[in-house]
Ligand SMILES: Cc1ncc(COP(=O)(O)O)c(C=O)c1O
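The chain below stands alone and is given as structure tokens, in the form predicted alone.
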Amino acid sequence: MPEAAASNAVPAHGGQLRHISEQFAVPMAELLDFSASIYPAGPPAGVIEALKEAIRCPAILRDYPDIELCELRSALGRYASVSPDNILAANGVAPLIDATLAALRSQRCLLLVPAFGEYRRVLEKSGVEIHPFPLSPDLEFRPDSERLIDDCRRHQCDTLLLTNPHNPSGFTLAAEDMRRVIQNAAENNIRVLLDEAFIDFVPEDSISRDTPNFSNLIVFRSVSKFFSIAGLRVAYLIASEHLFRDIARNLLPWPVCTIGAVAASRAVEDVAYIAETILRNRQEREWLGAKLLGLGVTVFLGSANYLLFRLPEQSRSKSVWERLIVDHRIVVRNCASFEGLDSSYIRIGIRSRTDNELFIKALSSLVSE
């Protein structure tokens, strides 16, 4: 392995194949990516056809996008079972959270850790004081719902940032339990920012449709992961009407390009694709989880399209992450970049059975050494 590779930091995000290719001098085309949590089968066929049709029309590229994104918001509203008047779309969850923090004038936020690294970056950028709420691997990263609000009160937090399913563990709080947390927060004048970026894989636990009924709740969702269109950067938030207007004022104009809006609108209408994706992902997640358990690793059996696991004690001194790349051309997410975790934790996206078998074979050879 090149000396430069060993000194380079672990990528802060998954899917950084160009960086990995340069770091380890491995052709990018040879890398099999398990580090990004994106459904591997590609977008719905209707999305490809819609994009082909769109780029044949010169006006699509010539004209500005609809500044209010009416068609996209209508499609997202039907999909999430809320009024389009409660929806704002943008090119990713981070700018939506940024606009929300500005609108709410948040001062102090309770942040569950480990967590997606962009949360801390956006909170710090907005000048929000962060109070970490550590989640324990011994409890499978399950939060104590009562302690959440108690800690908010103790630190005088006006904002609580939650993820459901949790990233990186995949633990999912049931919808009814989440509603109790939101209600308890409301009674204590605490706003809840809930990231449901991966909830499409467990739609029964979404509380998106309840958002207009909670004046303290803003839900964030992604179209990228489930529908396999991460390259187009489309996300949205759902908020009650009185919050919606203030947040909208903090978003820049034209936050989603026309091509992205066309693709996302078509994607969320493909009922057959949605059902198939939920089924296939669950089958492969359960298969992978069982195989990992068979290798003697500690597996956190979540509900999303990824699995977090911890390497056995005797394997932690070896750089399994690097060996997978150099010896097997497989890229996984080294979780040392997650606050509160170290390199003994690895997260993998759920891929096809053929790819998953290759991964298990590769990991088995390293763990057994």
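Residue numbers here begin at 1 and follow the sequence given. Quick caveat: nothing in here was measured; it's all calculated off a predicted structure.
Not on display, but discussed next: the form predicted together with the named molecule.
Trainee: Does at least one non-hydrogen atom of I190 fall within 4.5 angstroms of the named molecule in the predicted complex?
Mentor: Output for I190 is no: heavy atoms all beyond 4.5 Å of the named molecule.
Trainee: Look up in the predicted complex whether F116 has a non-hydrogen atom within 4.5 angstroms of the named molecule, and give yes or no.
Mentor: Yes, F116 lies within 4.5 Å of the named molecule in the predicted complex.
Trainee: Is N216 a contact residue for the named molecule in the predicted complex, using a 4.5 Å heavy atom cut-off?
Mentor: Judged by the heavy-atom cut-off of 4.5 Å, N216 is well away from the named molecule in the predicted complex.
Trainee: Do N167 and the named molecule share at least one heavy atom pair within 4.5 Å in the predicted complex?
Mentor: Answer yes; at least one heavy atom of N167 falls within 4.5 Å of the named molecule in the predicted complex.
Trainee: Would you point out which of 226-234, 81-89, 205-213, 153-161 contains residues with a non-hydrogen atom within 4.5 Å of the named molecule in the predicted complex?
Mentor: Of the options, only 226-234 has residues within 4.5 Å of the partner.
Trainee: So the named molecule isn't shown here. In the predicted complex, which residue out of S222, T172, S106, N281 has a non-hydrogen atom within 4.5 Å of it?
Mentor: Of the listed residues, the single hit is S222.
Trainee: Of A197, V297, L123, L135, which one comes within 4.5 Å of the named molecule in the predicted complex, counting heavy atoms only?
Mentor: Only one option qualifies, and that one is A197.
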